[in-house]
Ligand code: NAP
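Presented as structure tokens, the chain that follows is alone, the form predicted alone.
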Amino acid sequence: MRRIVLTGFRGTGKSEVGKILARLLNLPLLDTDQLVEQKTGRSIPSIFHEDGEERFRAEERAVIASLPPGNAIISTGGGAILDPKNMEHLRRESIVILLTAGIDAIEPRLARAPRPALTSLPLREEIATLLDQRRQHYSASADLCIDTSETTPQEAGEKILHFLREGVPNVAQRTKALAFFRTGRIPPRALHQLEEVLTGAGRDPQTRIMGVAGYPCAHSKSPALFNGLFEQYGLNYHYTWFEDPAISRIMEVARDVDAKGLSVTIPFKADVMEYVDEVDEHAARPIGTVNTVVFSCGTAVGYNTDWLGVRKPLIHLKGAKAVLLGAGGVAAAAAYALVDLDMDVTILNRTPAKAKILADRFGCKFADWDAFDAIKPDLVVNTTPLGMEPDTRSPLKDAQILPGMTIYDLVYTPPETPLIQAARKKGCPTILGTEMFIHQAREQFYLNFGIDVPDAIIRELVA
């Protein structure tokens, strides 16, 4: 048995559903709002009115950090999920249930039991605004979603109990998914673990699946990283490889097993957009690719975290003159990152027409590959597959690498590519492709779980 944590907007029924679960499971009910009032000796309206929301959030954070680790029903305030530290504490060894409801259901409930206003907007507009602002955070908090718009607290409690006993995917779905996984190149030991998770005699129905989607993707480091993070943060998840030549098949299986999320790699970053319900604004335009899919409450949302993985190690080079090698899917994310850092960007590609298309999209310059020597950039970002095993050629000749150039090679297999090795011989600052992997994976984990992992933890797991 794990702790059961209820999250959701005000008026979705957390308190009432919590009372029912506490009675049905014979567990204590801990309401974080009530605990704040007990700790401070003041009502929540009083805290908001006299000290503001920031003071309330600090008290809420302290209460959540001090929650006992044993089995209990935890009912949280509507904004608790906004704080990554709260999510770190609430998610550990817990099942998090997100209660949702439509505005037409929430508005009359709040009108009957008013709470402090969080904006200056009329009630209905405030609800709509906050739901929109918090949507991604609520999705990240959810192991299971229950819509309480037309569901009584008793019915919601019974649905949660069914999930605890049975999980979401049925036997047929799990058996079908296992047949799919057996066609991929999952290592034997990992495949055995997956078999136990899906159909083993002692399987935990609450364990959920995530994975990397690609073809091929057996080389991906994501399973080792994410499974390490699950252990680190006490999350009941298992991460594996979704390897298949058809992204449609991968998405079908992901939905069948009630996957929490997918990390999408080549060659599906553009194709997967057809199979998600919504696309984040950065992924939709102008990048045009998705490398992260989050499934929550029956909806699949596509994001792009590659551009953040490119951007973070380059913040200190804002405004630099940059050459971007390549014009593929990763190049689009890289171009977006470089332009966001106000860099003077020139895109080079063996096929100049492709470089022009990408340059026009981002307002950059483009040129033939042979124009590199005349540009003399401060920064070179390689997005081509050159250097990736088995094709370990460098995209640049040694003579083209000049002292003082920063070389960022997005290829991370092997970690030190021929381009990186040549740059280091010239004394150039270098950034390994593992940096992009680390930073984009950190953002992926945040999108899926609301937990902000320190870089040091990811580096240790990737090493």
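None of these values were measured; they are calculated from a predicted model. One rule holds for the numbers: they count along the sequence shown, beginning at 1.
Keep in mind the form predicted together with the ligand is missing from the figure; the text below concerns it.
Check your understanding: Given that the ligand is left out here, which of 349, 296, 148, 227 has a heavy atom within 4.5 Å of it in the model of the complex?
Key -> Result of the distance check: 349.
**Study point:** Among the candidates 320, 284, 388, 121, the residue which, in the model of the complex, approaches the ligand to within 4.5 Å (heavy atoms)
**Key:** Contact residue from the list: 388.
Point to revise | is_contact(residue 411, the ligand) in the model of the complex, heavy atom dist at most 4.5 Å | key: Because a heavy atom of residue 411 falls inside 4.5 Å of the ligand in the model of the complex, the answer is yes.
Review point. Does the ligand come within 4.5 Å of any heavy atom of residue 302 in the model of the complex?
Key: Although the ligand is absent here, residue 302 would stay clear of it in the model of the complex, with no heavy atoms inside 4.5 Å.
Practice item. Answer yes if any heavy atom of residue 419 is within 4.5 Å of a heavy atom of the ligand in the model of the complex; otherwise answer no. Key: Judged by the heavy-atom cut-off of 4.5 Å, residue 419 is well away from the ligand in the model of the complex.
**Study point:** residue 269: touches the ligand in the model of the complex, heavy atom cutoff 4.5 angstroms
**Key:** Yes, contact at 4.5 Å.
Exercise for review: Name the stretch, out of 41-49, 430-438, 61-69, 23-31, where some heavy atom lies within 4.5 Å of the ligand in the model of the complex.
Suggested key: This holds for exactly one stretch, 430-438.
**Study point:** the ligand in the model of the complex - contacting residues of 328-352, heavy atom within 4.5 Å
**Key:** In sequence order, 328, 329, 330, 331, 349, 350, 351 come within 4.5 Å of the partner.
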